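Okay, so here's just one chain, in structure tokens, the form predicted alone.
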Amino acid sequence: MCQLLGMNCNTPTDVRFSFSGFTQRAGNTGDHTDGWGIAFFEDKGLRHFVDHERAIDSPVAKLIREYPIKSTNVIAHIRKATQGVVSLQNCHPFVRELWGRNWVFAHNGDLKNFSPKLHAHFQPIGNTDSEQAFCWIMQELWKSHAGLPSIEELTHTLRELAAKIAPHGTFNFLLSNGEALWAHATTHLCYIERRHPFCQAHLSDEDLSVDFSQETTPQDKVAIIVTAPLTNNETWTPIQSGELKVFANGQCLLL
């Protein structure tokens, strides 16, 4: 199946270190070679890059690994196709507008017999179960709330919606509207919260280290969410099956 990477922080931060290790899984240390994508929130704006080539070979992915695009919310995905052909329109993350904000979604898993009724505003462009699930979530959020709710209200609604989709199969996903980042696990998803005092981290998928104490300030807080731990010298916390976590300002909220 696919793999997910998310970052949420309290000050704009670049994701080059994590993305570098993550893309090794798209041909070097893993076989997630059916496309990739990444989205960076900047206020209400969004930088969105997708490519149906392997992330390890893609010139666009090389740009992301080398160019420090700073953001407070990032979602990335490397694809191993289970439903839908290998094509640009089937590359995650997917983007939709709701309540005047961009919403970004990426999914790892395989949903069976999930064919919800969708109204005209939210329709898939490709032919993946993932995009169909995203459109249904957007539709149900729109039906449940008259305007943009609080993070707490959104978390409550998303828990209910995720519980309705999860019985159809594996439903690991990341979702963000630029204010917060939600992570739901069925199988494999974990996270780490980095804050002062920052330490050195070493990637699991390539021989690369960074001393975060030299790259940050004492006020910085950064949460990284990923399918499998990116580093081999830090402690990652697993998200339990059926659990929905929400991250804001670089930390996991207890809602």
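On a predicted model such as this, the values are computed, not experimentally measured, just so you know. Residue positions are given as counts along the sequence shown, with the first one as 1.
The same protein also has a form predicted in complex with a further copy of the same chain, omitted here; what follows describes it.
- Contact check at 4.5 Å (heavy atoms) against a further copy of the same chain in the predicted complex: all three of Leu46, Asn102 and Pro124 pass.
- Contact with a further copy of the same chain in the predicted complex, judged by any heavy atom within 4.5 Å, is made by just one of Thr155, Thr82, Ser144, Gln89: Gln89.
- Among the residues His188, Arg65, Arg195, His52, the one placing a heavy atom within 4.5 Å of a further copy of the same chain in the predicted complex is His52.
- Taking non-hydrogen atoms only, Glu42 approaches a further copy of the same chain to within 4.5 angstroms in the predicted complex.
- Contact annotation: Glu97 falls within 4.5 Å of a further copy of the same chain in the predicted complex, judged by heavy atom distances.
- A residue is said to contact a partner when one of its heavy atoms sits within 4.5 Å of a partner heavy atom; Pro59 meets this definition for a further copy of the same chain in the predicted complex.
- This chain is displayed without a further copy of the same chain, yet in the predicted complex the stretch 124-132 from 124-132, 164-172, 147-155, 107-115 comes within 4.5 Å of it by heavy atoms.
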